[in-house]
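Just the one chain here, laid out as structure tokens, in the form predicted on its own.
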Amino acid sequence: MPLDTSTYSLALLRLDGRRWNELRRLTAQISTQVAADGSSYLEMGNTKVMCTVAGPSEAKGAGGVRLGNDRADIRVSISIAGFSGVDRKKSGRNDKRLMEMQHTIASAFAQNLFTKLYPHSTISLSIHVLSQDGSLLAACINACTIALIDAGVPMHDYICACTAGSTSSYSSNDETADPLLDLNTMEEQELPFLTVATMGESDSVSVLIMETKVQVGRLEGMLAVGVDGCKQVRAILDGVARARGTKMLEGSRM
């Protein structure tokens, strides 16, 4: 299919051929691991993530003593394959960036899940990163959302995440720079960007992380583009969940 350039100059296209407000190809699968309570596989461009859910299960300590409080405890573990990136280095459990990502994901879903329904219990999320090409935290959050739906854990709404950046670096001091949606690794290395996650189709922000510098005048545009991207992601994930539900209903009627 030929590229429509009637309203968009080829000079303004990104390196992978996308416009400024286009997502990369996003695909997701649900119930990929039969042995897990919930599982998913998600691709955002060349970023590929698997997620499995264990629980809710009763939390017990030594001697069978019940642990926890009146809410379920959300535990997140992330493992990154050594071959997932260009550097081919293995990240340990005490890696600071991994620990920050785990805490961010756990905090976001602790507010979204109905944890009061499962006192003295634990919900464990295991994330396996198979390939990295930008938007890693966003991909992990989206994979967790689908896996929790598969596990049947009740939640307020989808938590969907996306990245947004700016076409100019901080040092250039260009106030007229345009925002970009869903950055890949090359763009993240060169440009300022943020990761935002919203709840459902609303503009309610659950996660907002920015590790780079940017002029204040550009932040509002980046955030607006990111929130719009989250709504696009939600529509895709909702289609995956509904297709799985339809398939299950058809199987039960046979």
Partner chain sequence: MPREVEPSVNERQFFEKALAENLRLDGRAFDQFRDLELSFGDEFGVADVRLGKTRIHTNISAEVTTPYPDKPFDGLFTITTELSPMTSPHYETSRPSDPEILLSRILEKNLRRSQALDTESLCLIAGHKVWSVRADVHILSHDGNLIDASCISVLAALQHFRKPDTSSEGENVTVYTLEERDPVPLSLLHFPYCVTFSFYPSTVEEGETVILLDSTLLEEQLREGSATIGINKDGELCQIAKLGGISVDAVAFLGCVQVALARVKEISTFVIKRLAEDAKKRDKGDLMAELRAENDR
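Because the structure is a prediction, the values reported are computed rather than measured. Residue numbers count along the first chain shown, from 1.
FYI, the form predicted together with its partner chain isn't displayed, but the following is about it.
(request) Name the residue from Ala59, Leu26, Ala54, Ile209 that puts a heavy atom within 4.5 Å of its partner chain in the model of the complex. (result) By the 4.5 Å criterion, the partner-contacting residue is Ile209.
(request) Select from the listed residues Ile127, Leu148, Ala108, Ala72 the one whose heavy atoms reach within 4.5 Å of its partner chain in the model of the complex. (result) It is Ala108.
(message) Residues Gln33, Ala36 and Met155 are flagged as a possible site; in the model of the complex, is every one of them within 4.5 Å of its partner chain by some non-hydrogen atom?
(response) Checking in the model of the complex: none of Gln33, Ala36 and Met155 is within 4.5 Å of its partner chain.
(message) Given that its partner chain is not shown alongside this chain, does Ser204 nevertheless sit within 4.5 Å of it in the model of the complex, heavy atom to heavy atom?
(response) The answer is yes: Ser204 has a heavy atom within 4.5 Å of its partner chain.
(request) State yes or no: in the model of the complex, is some non-hydrogen atom of Met50 no more than 4.5 angstroms from a non-hydrogen atom of its partner chain? (result) No, Met50 sits far enough from its partner chain in the model of the complex that none of its heavy atoms falls within 4.5 Å.
(message) in the model of the complex, does Leu117 come within 4.5 Å of its partner chain, counting heavy atoms only?
(response) Outside the cut-off, so no.
(request) Report yes if any heavy atom of Thr104 sits within 4.5 Å of a heavy atom of its partner chain in the model of the complex; otherwise report no. (result) Thr104: yes, in contact with its partner chain in the model of the complex.
(request) Specify the contacting stretch among 77-85, 128-136, 178-186, 96-104, defined as having any heavy atom within 4.5 Å of its partner chain in the model of the complex. (result) Checking each option against the 4.5 Å cut-off leaves 96-104.
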